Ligand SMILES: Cc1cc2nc3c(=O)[nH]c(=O)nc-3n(C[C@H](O)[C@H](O)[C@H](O)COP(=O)(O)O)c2cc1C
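Only one chain comes next, encoded as structure tokens, the form predicted alone.
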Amino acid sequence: MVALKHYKEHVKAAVAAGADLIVCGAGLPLELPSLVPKESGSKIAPIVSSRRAAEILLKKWDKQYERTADLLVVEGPKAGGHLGFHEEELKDVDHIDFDEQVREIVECKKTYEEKYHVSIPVVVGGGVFNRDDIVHVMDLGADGVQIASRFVATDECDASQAYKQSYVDAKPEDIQIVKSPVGMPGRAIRNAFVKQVEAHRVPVTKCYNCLKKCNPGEVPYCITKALTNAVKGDLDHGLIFCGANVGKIKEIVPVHQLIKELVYG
């Protein structure tokens, strides 16, 4: 996350450890090429949510670093967690022509593919639930998909059973947009914690020094603590991020079964 206070240190540590791919979101990673030397072998992949964001980033990297992305991750308005859209836009996601954004991103990256004689795969995430969704995204020109929520509700996911069951129990009306201390809107399950935050601020009792723009005395809650509580099973004191289609998940299944469903329908 670009929003992390020690973002640069995290990236450098990943490179030193020999990471194959470094994916950066929660802000535009405009300086990422300076943190990942070409000779390191680590690939760089920014997360963008619009053609404009993709163009700004690719142009910046080209002009300042003579480099381009190795992969583009495009996250739409139906994704879970932090979203690169304005809160007003997310109140009616169906009015956002995300398909057109994907087509335009696929088109704009061709300039840099030609200049650098490389292929820049585009991976699309947000609202990809089944095989039909995958086929649709690929028809737009994408090379792959990013699916998160479906894999939370699997036997192999290492989140607590309570966390996984919350996905199964969630109804469409239980999903809402929340304000995150990161400064971006997020999508989560409306639970006791979300209701508590709406009513009053949850004081920060320990600062994890995680976010650049965070004043522990002012933020509505500590997002690190809230996310950690949730994944460990303390749902009443935790923030449960999720995708827009989580209400369609009906059971916890093995990953093998889910993959077969996604591939063969």
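Start at 1 and count along the sequence shown; that's the residue number. All of these numbers come straight from a predicted model, not from anything done at the bench.
From this point on, the text means the form predicted together with the ligand, which you will not see here.
- Only one of 193, 167, 85, 112 lies close to the ligand in the model of the complex, with a heavy atom inside 4.5 Å, and it is 167.
- For the residues 71, 138, 147, 162, the 4.5 Å heavy atom test against the ligand in the model of the complex is passed only by 147.
- Although the partner is absent here, residue 3 is not a contact residue: none of its heavy atoms lies within 4.5 angstroms of the ligand in the model of the complex.
- Shown alone here, residue 230 lies farther than 4.5 Å from the ligand in the model of the complex, counting heavy atoms only.
- Although the partner is absent here, residue 127 lies within 4.5 Å of the ligand in the model of the complex, judged by heavy atoms.
- Although the partner is absent from this view, residue 242 contacts the ligand in the model of the complex, with a non-hydrogen atom inside 4.5 angstroms.
- Here the chain stands alone, but in the model of the complex its contact with the ligand, taken as any heavy atom within 4.5 Å, falls in 71-79 among 71-79, 114-122, 95-103, 169-177.
- Scanning 29-59 for heavy atoms within 4.5 Å of the ligand in the model of the complex gives just one residue, 47.
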